[in-house]
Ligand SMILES: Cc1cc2nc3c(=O)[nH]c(=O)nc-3n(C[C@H](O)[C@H](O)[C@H](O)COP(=O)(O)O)c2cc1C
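Below, in structure tokens: the form predicted on its own, a single chain.
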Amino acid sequence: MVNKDLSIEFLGVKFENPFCLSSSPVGNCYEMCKKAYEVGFGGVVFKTIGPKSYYIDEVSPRFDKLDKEDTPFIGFKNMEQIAEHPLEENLADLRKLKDEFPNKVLIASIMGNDEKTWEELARLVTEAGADMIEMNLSCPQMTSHAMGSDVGTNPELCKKYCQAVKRGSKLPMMAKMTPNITDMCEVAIACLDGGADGIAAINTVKSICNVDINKYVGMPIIDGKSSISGYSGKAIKPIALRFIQQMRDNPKLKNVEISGIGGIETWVDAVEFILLGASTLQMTTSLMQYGYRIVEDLKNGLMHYMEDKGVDSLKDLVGLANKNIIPAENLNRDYIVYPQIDLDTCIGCGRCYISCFDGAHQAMEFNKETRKPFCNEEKCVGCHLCALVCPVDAISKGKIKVKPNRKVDIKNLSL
């Protein structure tokens, strides 16, 4: 049995492993967070605590999902706001969790609507025993425009609120970023200038998952109407990874500590976030599908990966892939890699032929009698769409051709 040390330090706080509940329905109360600790999560971000005066009134139903063919849960739409329990109850839950699990990391997510409430909330959660604060600057479905993602797109406001939190607490603090913005870096820099110690990225993406084509209304339907709200799940992983990479590319953010969020379902997803620079990992949608027990699979897979790579410390993996993601104009365009077809594996379905003929360069030919494909290299540009649509992975990288008048040593190519 592989047994690796998964502990990692983030913002000066040691986590026994990088896996945490994110601030969301999965960490809504003492009982839920207690169970997460008991099954092995390294940390919990308690669902966002708001001002005492802000009343949370939720809709019903409040969730929707995006599927594709036989895949039932590509993306998830959530219309919930912040914690609906009274402020005193949330603070009592924090105190109880810290009393019972003193060695587990407890992160308090907070959201104010002005400087005074940000500062006050920071003070209150610190007194309740939190180890760290996460500023929720990014919830996309708040009913107040003084809160959530409307704030998170304003660098000046984010800086001011970060300063307020720092006046209220000396705890390590991370600012949670909204992806509903073109460039996250400007806001992230403003948060650091305001005193944030790290960044959490990303929150959910504004969305309409589905429209009922008979009732002419978005989903879910609430008394004949719907609204735009946050999209999460596996489908937003590429967006999250993009924003994390862009922060790592920015000279002012290249060393910032990041808590990664967005579509983490498997240990492979977790490793991808770590390799792009995340030290801790937050999860919601996958837990809503599979339950807290998923953490055992995540930890086991991550330990086996570390063993395979000869890595003893998780921190040694953080950011290893950043240097290999470069501007598009700097990519090597001197060669073509032709597809190689394993005819023994091929099942003759014709997917590669149809996709190439209708969606690429008409390079894949198909023998209707033998039901086997053939690549016409005179037409092929090496896009490898054929390999991506093949249902049995019968197509791989094959022969390499150097483009005319180009110079490249194909023996040293890294493919």
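Numbering starts at 1 and follows the sequence shown. Here the structure is a predicted model, which means the values were calculated and not measured.
Another form exists, predicted together with this ligand; not displayed. Remarks below refer to it.
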Counting any heavy atom within 4.5 Å as contact, can you tell me which stretch out of 47 to 55, 32 to 40, 65 to 73, 375 to 383 lines this ligand in the model of the complex? 47 to 55
Residue within 4.5 Å of this ligand in the model of the complex by heavy atom, from Ser232, Thr280, Thr178, Ser229, is Ser232
Which residue, Asp150, Glu186, Glu80, Glu120, has a heavy atom that falls within 4.5 Å of this ligand in the model of the complex? Glu80
Within 4.5 Å of this ligand in the model of the complex, all of Pro25, Glu134 and Gly263 (non-hydrogen atom): yes
Give a yes/no on whether Ile236 approaches this ligand to within 4.5 Å in the model of the complex, heavy atoms considered. yes
Does Ser109 reach this ligand in the model of the complex if we count a contact as any heavy atom within 4.5 Å? yes
Do Ile202 and this ligand come within 4.5 Å of each other in the model of the complex, heavy atoms counted? yes
Please tell me whether any heavy atom belonging to Asn90 falls inside 4.5 Å of a heavy atom of this ligand, as the geometry stands in the model of the complex. no
So which bits of 284 to 298 sit within 4.5 Å of this ligand in the model of the complex, heavy atoms only? Thr284, Thr285, Met288
